[in-house]
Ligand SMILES: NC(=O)c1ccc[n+]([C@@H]2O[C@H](COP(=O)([O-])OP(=O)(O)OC[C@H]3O[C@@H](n4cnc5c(N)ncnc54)[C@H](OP(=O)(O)O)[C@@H]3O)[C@@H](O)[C@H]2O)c1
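In the block that follows, a single chain appears as structure tokens, in the form predicted alone.
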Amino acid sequence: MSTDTMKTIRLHEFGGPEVLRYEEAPIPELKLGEVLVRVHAVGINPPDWYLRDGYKDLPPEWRPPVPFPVILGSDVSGVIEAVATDVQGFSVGDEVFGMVRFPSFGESAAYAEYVAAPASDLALKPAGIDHVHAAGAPMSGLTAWQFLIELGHNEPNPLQPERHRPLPLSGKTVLVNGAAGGVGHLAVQLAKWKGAHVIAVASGMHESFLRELGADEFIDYTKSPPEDIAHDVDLVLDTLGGPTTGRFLRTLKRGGALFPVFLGYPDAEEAAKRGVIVSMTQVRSNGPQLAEFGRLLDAGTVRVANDSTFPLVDARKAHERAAGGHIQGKIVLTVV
């Protein structure tokens, strides 16, 4: 590799995992407000394969233009190699992690040896965890945080006219659907941290894992529909969302709330009749929130589970693993 190029994973067309190309690209140039990070690990997330597929599951008017070739990814953990002149609070040699520029496109993204990241998107990596686990934290952790704890911004909500508002969790019953996945397993832990009684929904293979994370009850959806078992729930965080999210309306008590993480619009009339709030938001990069979350990681209050790890060159295999489902925690690419 020459001194001005890096290895990366880029898209030149939409498609399945086979369109992911391992190739050289220019090292990004540092701009004001940014730091250059030598990437050690990359967390992969659903938006990565939504982009790879051409956002085919989004309404056409929501599909952003994609300037090929494009580097995938947002979540990184690594070491700062350079700092723009106007950046304060970070220095060369600092270990950092973050979700870079999400949800917007930038000239620099995560599946690469280097990323030029806005300093405001980053936080110091918790000393108590390694780069692999730190890289798995940003998007999933911030999604759980912004849905459940604090939204942390005033940007317009692209998913609904109203601003999403997290609810107090202490003493409440919270059901997390898709509890073993990236967002789900962190949401279980955050809800417990805030004093909630947590019901975890996943396949039976994940029960012991979720109980170790603090789940008070467990529902194996392969044996019984959760909506037939859970009742008088205060809040459902449906990390899967989609067209079936409305089934959770009948698990909620009057005045309860349903938070679908992925696009899901249950019957508005039924929700109103039941007195249920339905609210969504889109996660956004937020370094200060990530620093708060990082303190929980450092203290061991919350931990990131690692489903599997692949070298950057095998990003295709990582995406194939994601497509296989039944993920327990996070899939991470290593860049060493």
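One rule holds for the numbers: they count along the sequence shown, beginning at 1. Fair warning: this is a prediction, and the values are worked out from it, not measured in the lab.
Unshown form predicted in complex with the ligand; subsequent notes refer to it.
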Counting only non-hydrogen atoms, choose the one of 161-169, 132-140, 71-79, 189-197 that falls within 4.5 Å of the ligand in the predicted bound form. 132-140
Only one of 178, 264, 126, 106 gets a heavy atom within 4.5 Å of the ligand in the predicted bound form. Which one? 178
Quick one: from 174, 252, 183, 100, grab the residue that has a heavy atom within 4.5 Å of the ligand in the predicted bound form. 183
Check whether residue 41 has any heavy atom within 4.5 Å of a heavy atom of the ligand in the predicted bound form, and answer yes or no. no
Is residue 290 part of the interface with the ligand in the predicted bound form - any heavy atom within 4.5 Å? no
State yes or no: in the predicted bound form, is some non-hydrogen atom of residue 25 no more than 4.5 angstroms from a non-hydrogen atom of the ligand? no
Hey, in the predicted bound form, is residue 229 touching the ligand, heavy atoms inside 4.5 Å? no
Select from 306-328 the residues with a non-hydrogen atom within 4.5 Å of the ligand in the predicted bound form and write them out in sequence order. 326, 327
